[in-house]
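In the block that follows, a single chain appears as structure tokens, in the form predicted alone.
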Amino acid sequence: MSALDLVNVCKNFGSNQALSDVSFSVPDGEFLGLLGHNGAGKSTLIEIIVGLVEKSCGMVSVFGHDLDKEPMIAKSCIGLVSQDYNFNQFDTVMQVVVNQAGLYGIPYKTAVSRAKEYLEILQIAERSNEQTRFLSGGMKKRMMLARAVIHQPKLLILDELTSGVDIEVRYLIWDFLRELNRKGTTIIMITHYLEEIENLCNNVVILNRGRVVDIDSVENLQKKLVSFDVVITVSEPVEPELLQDLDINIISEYSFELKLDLGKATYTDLIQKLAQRGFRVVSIKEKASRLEQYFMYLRDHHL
């Protein structure tokens, strides 16, 4: 059974079409990345899935439960961490998490036990009795994650969870999510950090202007990039006239960038070509990850 099925989902806000004919399925146990530039329709799609926004057309099914016909059952399967801090700033951390459990009929003792466990893993247990208004942004995000999983949902949706979070906390959250996914929780992640997609996700859905423009595994998406930009550092000052046919962009006296066509050349070919012209290469690195460069290519192509 699929964790999520979307069939021809669309959403109109007046004359503005935010989503158009969005269809894809998420297998049970998947870790899916949802990518798209600002305004692509990602958050609108998530809000439709969790029942916060009414779709204009199409069908949404969560673990076989149609969102229109069985909304309460479908929603009970979902945990959500939204972009916004949507909790009472004067409640304590423990109150925020435990009160969420009460909405799902979880006994108080069970809720407290789970809350302590999750807050401990996410390293904010020592702040359990403090009002949430005194927490840092990263602590609030971790508390919201604990709140989202308190009822042990089968589908967890994360909308920019690690935005503004420092790198150590991000790694802590990654480990927590990996363990949830290993135990069977299906996860859908919206993020602008493409390294998160590369480190965590199996497959990726890319949206552009409310439409799905690609669905594939991270590995296959990276392979679709036929050329990519590389930054080269050399030991002697760059002489542009020696590199005219390579279409370079000079960054500094000792470095430049160019596009490497994977179908016509390799790193070895490039190094040899530069050596023939008197350049000794100190380093070559990709300007950005291949997934990021493919995402940018898709965005520009569809725009």
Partner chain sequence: MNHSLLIAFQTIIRKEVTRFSRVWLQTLIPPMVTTGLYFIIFGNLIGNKIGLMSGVDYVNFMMPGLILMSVIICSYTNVASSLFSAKFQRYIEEIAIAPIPHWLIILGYITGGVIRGLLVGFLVLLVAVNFADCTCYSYVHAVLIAFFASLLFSLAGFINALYARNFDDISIIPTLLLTPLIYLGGVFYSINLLPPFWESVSKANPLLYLINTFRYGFIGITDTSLVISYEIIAVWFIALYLWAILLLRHGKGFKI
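The shown structure was predicted, so the numbers you read here are calculated from the model rather than taken from an experiment. Numbering follows the first chain given and starts at 1.
Absent from the display: the form predicted in complex with its partner chain. The rest refers to it.
Though its partner chain is absent from this view, in the predicted complex it lies within 4.5 Å of a heavy atom of just one residue from Leu80, Met139, Met189, Val212, which is Leu80. Only one of Thr233, Asn181, Asn99, Asn199 lies close to its partner chain in the predicted complex, with a heavy atom inside 4.5 Å, and it is Asn99. Though the partner is left out of this view, Gln123 does not reach within 4.5 Å of its partner chain in the predicted complex, counting heavy atoms only. Interface residue remark: Glu168 is not counted as part of the site for its partner chain in the predicted complex, having no heavy atom within 4.5 Å.
In the predicted complex, Glu47 approaches its partner chain with a heavy atom inside 4.5 Å. In the predicted complex, its partner chain lies farther than 4.5 Å from every heavy atom of Ser217. The partner is not drawn, yet in the predicted complex one stretch among 190-198, 204-212, 115-123, 102-110 has residues with heavy atoms inside 4.5 Å of its partner chain: 102-110. Heavy atoms of no residue among Lys223, Leu246 and Gln293 are located within 4.5 Å of its partner chain in the predicted complex. Within 4.5 angstroms of its partner chain in the predicted complex, the stretch 72-98 places a non-hydrogen atom from each of Met72, Lys75, Ser76, Leu80, Ser82, Asp84, Tyr85, Asn86, Phe87, Asn88, Gln89, Phe90, Asp91, Gln95, Val96, Val98, taken in sequence order.
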